[in-house]
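Take a look at this single chain, the form predicted on its own, given in structure tokens.
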């Protein structure tokens, strides 16, 4: 009896000791990558500052990669922290650091060379590498046609790998790589004839081609490839498994498809739609909303014709207009701006016009006192379009060039540089479609000129010329006569 009791006692001690060892052994185990991230409450993501990945516009942070990875962070209940790399080599180096970002979401193609630097998720977007040439030049139709051409691609890109493989077959092929440029820079250089050819993925060409009228696709170089997210090399699959599960869910529930459609389903059309089309809308649409423009302008000490010109640029005076980014209404207000301006229904034309008037006044008031009229109005319109942060970046670049940062004539020359890596990499807010606010302001000024002209019949002859409000080469009578009746 005693022996049995002693045996049971020894067994209990042994079990207790084993339990303690297991307990301490479990505590000594390293947490998985996913557990560590969840404990920190932050998902650190590294990306590229480019239109197809991540950038800031007047609505805040945006970009295809940003929006997709933001949804992933939300699914995990984590705060998203975005970091940007100056080039692809830096991106992969950061990913491999012990204290580096958790993943890279940067429009990355899995390639042989990259498999030693990272592990890749399931593909979420299919792209095709394309050879790009300048319209008017002889079109290359096969790899052999690349020989003897000035070719530049991103350093460390999958396209550089493709060309390296091709050079094995075609030793006479030469090309250069650069870490100082981005895709937008490459397209611009082809457009301007600085280089003969480049390689970009089909999705980035689709997003940017509208800004470069001379850019054309020569031919596809190879088969379609899949973009994926990258995580650090190693054997811990906890985060990678979670990413793959998320991407599968996004594919199944349609959210990935909707995001693709939003960014790549159609091409934005920028620029002036034509004086005669505008004249037609003057008769058919403006009369319905003119009183609202006048009332809102009077309440906010604005010229109603300037406000109307803004509305036309934003929506062509269509109160139910909706953009791919979710801005809505005649003045195309974001939900955040509408709420801040007291607009409860963005599709109500009166509310939209009132909200737009209040917002442009607020933007104008935030400009530096050193900017005087009439430049102050043009600066306000530019900030309304691209955001005050990017406008301030452009003003600083303007000043660094020895130009006047308080003059629109000078700043509009510099704004497009915000789309060029050599310039936006020096700024606080990074990449922006700097050409857009220039077009935005130019178009509004043209619409405003016509509105001022046709609403001031008392100005004739030399008075019209002296006023500076008319468009040269357009006859007012003919403009209205060429407009179809209602």
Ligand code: GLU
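Positions refer to the first chain, counted from 1. Quick caveat, the model's predicted, so the values are computed rather than measured.
Beyond what is shown, the protein has a form predicted in complex with the ligand; the following relates to that form.
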Item to check | Single option in 330, 394, 200, 105 placed near the ligand in the predicted bound form, where near means a heavy atom within 4.5 Å | outcome: 200
Item to check | Proximity to the ligand in the predicted bound form, single hit among 385, 121, 157, 351 (heavy atom within 4.5 Å) | outcome: 157
Checklist entry - Which among 200-208, 319-327, 142-150, 79-87 is in contact with the ligand in the predicted bound form, heavy atoms within 4.5 angstroms? => result 200-208
Next on the checklist: in the predicted bound form, does residue 433 come within 4.5 Å of the ligand, counting heavy atoms only?
Outcome noted: no
Item to check | Contact of residue 407 with the ligand in the predicted bound form (heavy atom, 4.5 Å) | outcome: no
Next on the checklist: in the predicted bound form, does residue 260 come within 4.5 Å of the ligand, counting heavy atoms only?
Outcome noted: no
Checklist entry - Should residue 114 be classed as touching the ligand in the predicted bound form when contacts are defined as heavy atoms within 4.5 Å? => result yes
